[in-house]
Ligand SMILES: Cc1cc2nc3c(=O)[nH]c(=O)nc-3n(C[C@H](O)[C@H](O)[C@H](O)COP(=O)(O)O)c2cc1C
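Just one chain is shown here, as structure tokens, and it is the form predicted alone.
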Amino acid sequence: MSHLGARVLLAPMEGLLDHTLRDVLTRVGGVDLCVSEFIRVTNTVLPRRAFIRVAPELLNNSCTVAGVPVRVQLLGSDPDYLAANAAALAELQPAGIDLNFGCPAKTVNQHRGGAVLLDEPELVGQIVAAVRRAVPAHIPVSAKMRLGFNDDSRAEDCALAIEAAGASDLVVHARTKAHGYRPPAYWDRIADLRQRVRLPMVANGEIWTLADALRCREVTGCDRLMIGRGMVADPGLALAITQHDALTQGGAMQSAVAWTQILGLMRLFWQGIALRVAPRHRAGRLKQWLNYLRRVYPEAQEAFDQLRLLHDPEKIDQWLAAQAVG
């Protein structure tokens, strides 16, 4: 169950790409594997409900409704507590356990989580090794890292430590914490890492279009890509990548999903939000997604303008119903 054949992976994005959006995006097709948002581990072993809250897919054979496997991501800095939580999580039979060495959030880094650990390759290795030992062999243990914290001078050390500790595969977001999400992504550094590390590697960062995906594969040498914001902006991107041979004839920059389908996905998303999000926050979640969709769909700009001042869920219900009729 290593999922090494997975070609397109859906990235976790704290506060954006959660269970509800995973469900919607994986229905489009083209995504082979998802990773959940991180579950923070401190000095306790979390109850089952803490894992299920972030990854309700655990109740569905660790798959989305569309049948796409979901790995569950843990974040922390204590090898023993991470191992104990991984063992507890393993009882729920996740499609894999991923370890977060990439989160750039200041509050997370101040509490020794995420990208700040990339200054301590030895600790990174100890964490991966401890989790690997604690989890049954059939459950993959993977890792996601950035190129470093303030600079990329220890990227090779971290990747080598992750490999030596027994990880099944490694996602590399081709920026440091200091780079944040500013373009460009330094894909050539992933190619450098692949010269040193035999561990199966997944390239991540700044993949917005089919052309980006093809160029990233060429530069990094990675067959497999992880996409986050690019999939939120263009839900058909994974599908376009898997069908790229048919699309290269003049269609490389065009989404594989029509706006009418996006409206259907938005209604599904809105229904999912209604089950999980307080009424006062629901409109914000829909506008957050529309804000990304504006990059690809002119109709999303029009929708955003119409909804911008609406906060009442009932009014948004009415708007979505009117789109279905129109």
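Note that the coordinates shown come from a computational prediction; the quantities given were computed from them, not determined experimentally. Numbering starts at 1 and runs along the sequence shown.
One more form of this protein, predicted in complex with this ligand, exists but is not displayed; see below.
**Q** Which of 117-125, 228-236, 159-167, 211-219 has heavy atoms within 4.5 Å of this ligand in the predicted complex?
**A** Correct option: 228-236.
**Q** Work out which of Trp289, Tyr297, Phe38, Trp270 lies within 4.5 Å of this ligand in the predicted complex, going by heavy atoms.
**A** Of the candidates Trp289, Tyr297, Phe38, Trp270, Phe38 is the one lying within 4.5 Å of this ligand in the predicted complex.
**Q** Give a yes or no on whether every one of Ser77, Phe149 and Arg154 sits within 4.5 angstroms of this ligand in the predicted complex by heavy atom.
**A** Looking in the predicted complex, the three residues Ser77, Phe149 and Arg154 all stay beyond 4.5 Å of this ligand (heavy atoms).
**Q** Determine whether any heavy atom of Ala303 comes within 4.5 Å of a heavy atom of this ligand in the predicted complex, and answer yes or no.
**A** No.
**Q** Can any non-hydrogen atom of Ala11 be found within 4.5 angstroms of this ligand in the predicted complex?
**A** Taking the distances in the predicted complex, the answer for Ala11 is yes, it comes within 4.5 Å of this ligand.
**Q** Just checking whether Leu307 would be counted as a contact of this ligand in the predicted complex - the rule being heavy atoms within 4.5 angstroms.
**A** Close contact is absent here: in the predicted complex, Leu307 is far from this ligand, nothing within 4.5 Å, heavy atoms only.
**Q** With a 4.5 Å heavy atom cut-off, would you call Leu16 a contact of this ligand in the predicted complex?
**A** Yes.
**Q** Just to make sure I understand: among 162-182, which residues lie within 4.5 Å of this ligand in the predicted complex, judging by heavy atoms?
**A** The stretch touches the partner through His173, Arg175, Tyr181.
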